[in-house]
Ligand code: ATP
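Taking the form predicted on its own, here's one chain by itself in structure tokens.
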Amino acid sequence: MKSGEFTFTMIKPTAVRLGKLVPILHEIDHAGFTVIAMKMTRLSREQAERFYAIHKERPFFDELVCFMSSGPVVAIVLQKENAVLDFRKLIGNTNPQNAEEGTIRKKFAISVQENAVHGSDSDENALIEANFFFSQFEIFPLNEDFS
């Protein structure tokens, strides 16, 4: 995968539980992203702690870990030119009250924590996060020669 052409997202437990998976996927597809890997899984507490280790010293870390391990999530690798920045624009502000109209978080989030989706904040983190959930045998970029 080429840097800049993919990003990682995760549809969070509340959005999955409330049946927002298909509407969120529709928004992603409509914005021109292609799903190149996807799976539903449930994070253990330890996995959630590792995934969100960057926030370990923050006061909300324990609550975040508990929430993210509370139910199934859908992990997705997306492909598109300028993927990280375009996806960050599509999902909107972390706080849905501050998100622009039409963004995924404005439409589907309940709160700052239950903000429907995670989105990578850099090309480097997109690679780290995609590799956390998927092996090289589970990601199928477009325009790759599979022969």
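Note that residue numbering follows the sequence shown and begins at 1. Here the structure is a predicted model, which means the values were calculated and not measured.
The following text describes the form predicted together with this ligand, which does not appear among the structures shown.
For the chain seen here without its partner, which of 51-59, 24-32, 37-45, 77-85 has a heavy atom within 4.5 Å of this ligand in the model of the complex?
Stretch 51-59 is the one.
Within a 4.5 Å heavy atom cut-off, is residue 70 in contact with this ligand in the model of the complex?
Judged by the heavy-atom cut-off of 4.5 Å, residue 70 is well away from this ligand in the model of the complex.
Distance check, residue 112 to this ligand in the model of the complex, heavy atom within 4.5 Å
Within the cut-off, so yes.
Give a yes or no for residue 118: in the model of the complex, does one of its heavy atoms lie within 4.5 Å of a heavy atom belonging to this ligand?
Output for residue 118 is yes: heavy atoms within 4.5 Å of this ligand.
So, residue 64 and this ligand: in the model of the complex, are they within 4.5 Å at any heavy atom pair?
Heavy-atom contact with this ligand at 4.5 Å: present for residue 64.
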